[in-house]
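A single chain, nothing else alongside it, follows as structure tokens in the form predicted alone.
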């Protein structure tokens, strides 16, 4: 030790030094192996689904036992609700007071399924009364975002949740409403139009 150092300097420990090996060899080898596996996995994976399909969580498809054909498994309307509707109508179905109407106990939800399907397909723009309260906002258009079976699934979900007890909605009904209203280019004008549909 250098005798020219004072007592405080002599008490100091030598600074650690990584030398030429900052990582143990086995960690370096593990990182290299993971990198090679990842590159091989990406190269060998066959992507057949369209990117916009995402993970297709809401549309589950299973291989049928007989014949090896494809058979649809029931679509999870609750998952679609969580992905598309929960921000406005909330997980409780109570909406946000004065802003987004509730689905729980809503006369529109429990009413004619044809009207409810029309609302999801084309949206609402204008005043609508729900459970005695007036709302003046905009319901998005879902005709280009959801398929008939997905709309039927989410409608069935909201009609049977939060104390609602209305019959399920069939995919064929949604398809028929989509076909009969395909020329429509605007959203429904709140109560003014929807009440006429309800009365039919």
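Residue numbers count along the first chain shown, from 1. For clarity, every value in this text was computed on a predicted model and none was experimentally measured.
Separately, the form predicted in complex with ligand HEC exists; it is not shown, and the next lines address it.
Put simply, residue 112 is far from ligand HEC in the predicted bound form: not one heavy atom of it is within 4.5 Å. In the predicted bound form, residue 79 stays away from ligand HEC, with no heavy atom inside 4.5 Å. Interface membership of residue 146, defined by any non-hydrogen atom within 4.5 Å of ligand HEC in the predicted bound form, is confirmed.
In the predicted bound form, ligand HEC sits beyond 4.5 Å of every heavy atom of residue 118. Of the residues in 170-200, none comes within 4.5 Å of ligand HEC in the predicted bound form through any heavy atom.
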